[in-house]
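So this first bit is one chain, no partners, the form predicted on its own, shown in structure tokens.
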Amino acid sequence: MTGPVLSAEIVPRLPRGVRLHDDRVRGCPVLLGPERAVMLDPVGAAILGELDGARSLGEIAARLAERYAAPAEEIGADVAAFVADLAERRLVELGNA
């Protein structure tokens, strides 16, 4: 993941035409976009499950850090890198709070 560093105030959301899907055949969550599909591991699914278009990256990271009893700084860096990578692939849109 070599995307730009995102600030904690950025509000990510799934753009029109992109959605989360539970692939029952493969038994894993999938991010579906126009003419593409990204199979998600549990970490990716947890991050994308928090995207609601209202919460900032900082709020998402804080919720995940609390849920998984992990260091907030580490979670924040992982969330920002994951979201930046998806934004480069146009599977996530970035907005301001």
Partner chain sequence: MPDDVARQVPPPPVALLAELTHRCPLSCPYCSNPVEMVPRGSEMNTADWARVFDEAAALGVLQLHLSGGEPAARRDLEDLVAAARGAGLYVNLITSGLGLTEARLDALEAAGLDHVQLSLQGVRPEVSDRIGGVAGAFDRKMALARSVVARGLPLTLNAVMHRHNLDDLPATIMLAEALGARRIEVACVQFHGWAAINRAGLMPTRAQTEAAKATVAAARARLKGRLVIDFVPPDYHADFPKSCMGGWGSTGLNVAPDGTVLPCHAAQSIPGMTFPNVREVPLALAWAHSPAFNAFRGTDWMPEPCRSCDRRSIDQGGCRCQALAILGDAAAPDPVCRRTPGRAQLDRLLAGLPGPEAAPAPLTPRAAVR
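Positions refer to the first chain, counted from 1. These numbers come from a predicted model, not from an experiment.
One more form of this protein should be noted, the form predicted in complex with its partner chain, which is absent from this view; the next part is about it.
S.K.: Residue-level question: is Arg67 within 4.5 Å of its partner chain in the predicted bound form, judged on heavy atoms?
M.R.: Result no; Arg67 lies far from its partner chain in the predicted bound form.
S.K.: In the predicted bound form, does Gly58 come within 4.5 Å of its partner chain, counting heavy atoms only?
M.R.: Although its partner chain is absent here, Gly58 would stay clear of it in the predicted bound form, with no heavy atoms inside 4.5 Å.
S.K.: Tell me, yes or no, whether Ala72 is in contact with its partner chain in the predicted bound form, where a contact means a heavy atom of each within 4.5 Å.
M.R.: Heavy-atom contact with its partner chain at 4.5 Å: absent for Ala72.
S.K.: Using a 4.5 angstroms cut-off on non-hydrogen atoms, would Glu88 count as touching its partner chain in the predicted bound form?
M.R.: Answer yes; at least one heavy atom of Glu88 falls within 4.5 Å of its partner chain in the predicted bound form.
S.K.: Between Pro34, Gly27, Pro42, Gly53, only one gets a heavy atom within 4.5 angstroms of its partner chain in the predicted bound form; which residue is that?
M.R.: In short, Pro34.
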